[in-house]
Structure formats: C-alpha cells, structure tokens
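Okay, so here's just one chain, in structure tokens, the form predicted on its own.
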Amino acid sequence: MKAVVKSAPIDGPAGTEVRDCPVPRPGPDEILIRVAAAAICGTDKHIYHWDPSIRDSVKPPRIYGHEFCGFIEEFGERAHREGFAAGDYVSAEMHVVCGECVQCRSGNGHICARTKIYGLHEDGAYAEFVKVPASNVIKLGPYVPLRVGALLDALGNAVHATQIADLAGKSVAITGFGPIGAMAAAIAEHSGASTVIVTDISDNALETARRWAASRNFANLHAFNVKTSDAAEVKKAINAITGGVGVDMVLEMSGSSAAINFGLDIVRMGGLLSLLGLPAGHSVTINDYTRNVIFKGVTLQGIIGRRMYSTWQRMLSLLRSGLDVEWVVQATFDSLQEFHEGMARFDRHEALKVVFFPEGEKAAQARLR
C-alpha cells in the first residue's frame, strides 16, 4: 500500500516519503480499516517540519496521520462487535488509553497519562489501510460527508471546547480563526449563541469568518484584527457589543500569550475561558492575575482531545441535527502522492483543512452505503 512515512528526523520533504509499505495485519483485538479520507492536522505539520515539540513523541520511520474515516476491511479474531460488519463506514478515536489508571476509571480517559496516539506513537492513517483497536472504532451515518468524516478528530476538539457550557443565547469570543476556531464558530452559531466575536492577526482569516457568517445569514458576527488595531479600542468595541458586561465565554484557540490575556480582559465577571491553543513555549505570563482571574471569579478549563466517548456522541448528534463544517475543507487531493503539495498549502494558510483521498474521492463515495 501507499503510505506517508516520517522517514528521517529532518524537516520537510527530505524527512517524509510517500512510499510502498506492507498492509498491516490486524491483531486479535484490532480492526483493519480501508482509509477513505484523511486530513492534515497541526500536529502533522509539526511532525513534517520536525519541530522540537514533537521529537520526543515520534520515532522514525512512522506512518503518520490521525484524522480519517474509512470502511471496515477485516476483523481480528476477537474484534467483532455487535452492529459492525465489513464495509461499514467508520472513523476511530486515535487516542488509545490504558483503561486502568485513576483518570480512566473516573470517566476522564481523555487525560490518561499512558495515552498512545496512533499517527505518533503507532502507525497512523496517511495510508491506504490502518489498523486500530476495535474498542476505538466509531460507526458513522450518512449525515457525515466523507470530507467531514476525515476531520472528526479536530471537530471533536472543537466540540469538547465549546460544549463545556450551554451556548444558547450566550456571547462567545473566539481568539484564533484557524481550523478548530472556524469549527467552534460554526458550533456556536448552530447552538444558538447570540453573538460570536472573532479575533485574529490575519485579515484573510477574518475575511473567511465574514464569508462564513454571510453564507449562514448570521448577522451577529464581529471580527477584529488584533494586530493592526489597538487592543484598547477593540476591547471598547466588544464592551459596546456586550452592553458593557463582557463576553460570557472565550474559546482560546491560538496559544498566544497576548490572546490569552486579551481573553481575560474581555470575559465577564464569572465568565468562562476554554483553553485549547498551545503556546510556542511552555510558559504564559498573565498580566493581571489578581484582577482578571481571582477578582473576576473566572473559570479556566484546559481542553485536550475528546472525552471518551461523550464528545463523539455529542459531535455526531450535532452533525445529525445539521451542523455544517464541510466548508472548512478548502483543498482536496485524490492521492497521497500529492502529500507534499497539500502540506505546502496548509503551511501557506491557503486552506483551513486539507483532505486526501488515497483511492480517489469518487471511488470512496462509491463505497458509501
């Protein structure tokens, strides 16, 4: 089979090959899945460029990629599950947890300290076939287009970040309109948020947000460039939008210290910050901890991965009810051979999400049933 392999600890095309690899054989408790579509994630970009943040997690050679959907090809001898059959349309939770630690035993498996991530610690889904534990396979319905099935991992992050509170009637600020920020905006609008405020440092990102809002006839989007505009003026504008009380909830997607502090500035007393973005380093400085955290009585919620499996259930329910995120897929390729070009487009911010169809999109569509 063709697969995308992190072949050497080197940045760029020199360290990643699209090459022939053996088709994996499923173990007794594993399911082999024919990959229909796979998407680029920010983590894959770090692997591709061999960034320091990822080097301890990936040992080349490694097939990478962890956002995908596909069709069941083969079951291991103990992997049969009720309601699952060969040919079924599925995805999988690619965080594999131990099931034994305190976190796993208390409903918090998404923060299991022994987590293995397929596509980092084990071979992943940038391939024609991938094997995963049967317990992690999720059956999908016809309401999940292939292009959306390819990015459910990332959508799950957005669902986890947004669904820690009821968004109906709330004012929501999103700091960073990248792929997950864009999906979070769609979830907020779909969930009945009264106002969505987007901040970014890219005019292109903000224009994408405006086009999305116009396509939904959503009049209560407000977009601000916090690089070219004075922060105090933006805060003043947001105060006016929220009647002087601040926003109910901040979804922090950038990891920028400036964005985190800005979020603390604009959130209302007793408000909520949902923190998903990762900073460039390991430290963030809070400018006025006393005023903006303690005296405001805010709640800070760190977000990692997806809750197993309540986030998946909520995500599929949102998609079944009409949540539209297919628009974030802005580049597709009918072969893994074009992986380097797809990554280049992702690098250049020409597409929020890039999706590959290892056997072609038409062939994958023909397998849907």
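All values derive from a computational prediction rather than experimental measurement. Counting begins at 1, following the sequence as shown.
In what follows, reference is made to the form predicted in complex with another copy of the chain, a form of this protein that is not presented.
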Contact of G87 with another copy of the chain in the predicted complex (heavy atom, 4.5 Å): no
Close approach of G178 to another copy of the chain in the predicted complex, 4.5 Å, heavy atom: no
Heavy atom of R320 within 4.5 Å of another copy of the chain in the predicted complex: yes
Non-hydrogen atom contact S202 with another copy of the chain in the predicted complex at 4.5 angstroms: no
One stretch from 62-70, 338-346, 302-310, 32-40 that, in the predicted complex, holds residues within 4.5 Å of another copy of the chain by heavy atom: 302-310
One residue of M269, A240, A232, A214 in contact with another copy of the chain, assessed in the predicted complex (non-hydrogen atom, 4.5 angstroms): M269
In the predicted complex, the residue from V97, A209, L146, V298 that sits within 4.5 Å of another copy of the chain by heavy atoms: V298
Any residue of 197-227 that, in the predicted complex, places a heavy atom within 4.5 Å of another copy of the chain: N220
